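This document opens with one chain alone, in structure tokens, the form predicted on its own.
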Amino acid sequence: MNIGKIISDRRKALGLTQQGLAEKLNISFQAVSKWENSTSYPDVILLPKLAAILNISIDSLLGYPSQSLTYYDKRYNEEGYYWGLKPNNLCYEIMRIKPPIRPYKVLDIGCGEGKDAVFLARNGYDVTAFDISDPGLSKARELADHCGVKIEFFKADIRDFRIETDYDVIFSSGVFHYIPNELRESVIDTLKEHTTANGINVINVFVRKPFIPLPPDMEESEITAGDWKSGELFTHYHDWLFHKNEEIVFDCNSSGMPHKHCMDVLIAEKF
């Protein structure tokens, strides 16, 4: 992916026109158009401000891959779907609490190979989804095409990206443990701010328990992010209505070696 495509994708994800981005940078919209068409590049002195407006790091803006998540790149490059095609049980909870009587806007954070995003789109939701893995997104787009649904997929890192569009449902499974301590409040506050009235956030996160060994496939980025404590996720939503706030321990075989996880699961509604 080149810088022009990155600028274009992030601009569109934020709901900005070329003119709108140009005004924020005090440049002409023609300059933005040239960047996105790869006929010219932003001046180096504009990079910090441009990255800030697009809510990404300068490294991400320049197309440098995040080395911390290549674990999934490798698995998504393998034959078949690493997570299978069965939707997460939380998708059924979304349909129960927010049935698609109209095309509610859904954001799937860390969509992986797209099975949940596609399931929700097939059931009448207006779905936008992002992930950091190019191979995962490639499979997600193929799955959406195969199922005949339209989904706006784009590449982003939850640690950099801050949404500016409002959604009726914000969904994220198996991703929040990558968010470091110092970013958790700002990430969650942004999600809450951009949830519509009576909208829901549906999120799970791995939590540490001293009696559960670390999983064999744990990545360095998960370790450096810092452990989530039991109930920590729930406290960020203390002012919302809880439809679900539970902690579960379950068996996992994702690495080919049996192990256990503990996870906090939240469904909260904004009033």
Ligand SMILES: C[S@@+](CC[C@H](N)C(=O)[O-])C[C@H]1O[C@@H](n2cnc3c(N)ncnc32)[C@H](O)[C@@H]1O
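The structure displayed is predicted, hence computed values, not measured ones. Counting begins at 1, following the sequence as shown.
Beyond what is shown, the protein has a form predicted together with the ligand; the following relates to that form.
Taking the partner from the other structure, the ligand in the model of the complex has no heavy atom within 4.5 Å of any heavy atom of Ala140. By the criterion of a heavy atom within 4.5 Å, Leu90 is excluded from the residues contacting the ligand in the model of the complex. Interface residue remark: Val169 is not counted as part of the site for the ligand in the model of the complex, having no heavy atom within 4.5 Å. In the model of the complex, at least one heavy atom of Val175 sits within 4.5 Å of the ligand. The partner is absent here, but in the model of the complex a heavy atom of Tyr72, alone among Tyr81, Tyr72, Phe153, Tyr104, sits within 4.5 Å of the ligand. The contact with the ligand in the model of the complex, taken as any heavy atom within 4.5 Å, belongs to Ile158 out of Ile188, Ile163, Ile158, Val149.
Judged by heavy atoms within 4.5 Å of the ligand in the model of the complex, the contact stretch among the candidates 195-203, 114-122, 90-98, 140-148 is 114-122. Shown without its partner, the chain has Gly110, Cys111, Gly112, Lys115, Asp116, Phe130, Asp131, Ile132, Ser133 in segment 97-134 as residues with a non-hydrogen atom within 4.5 angstroms of the ligand in the model of the complex.
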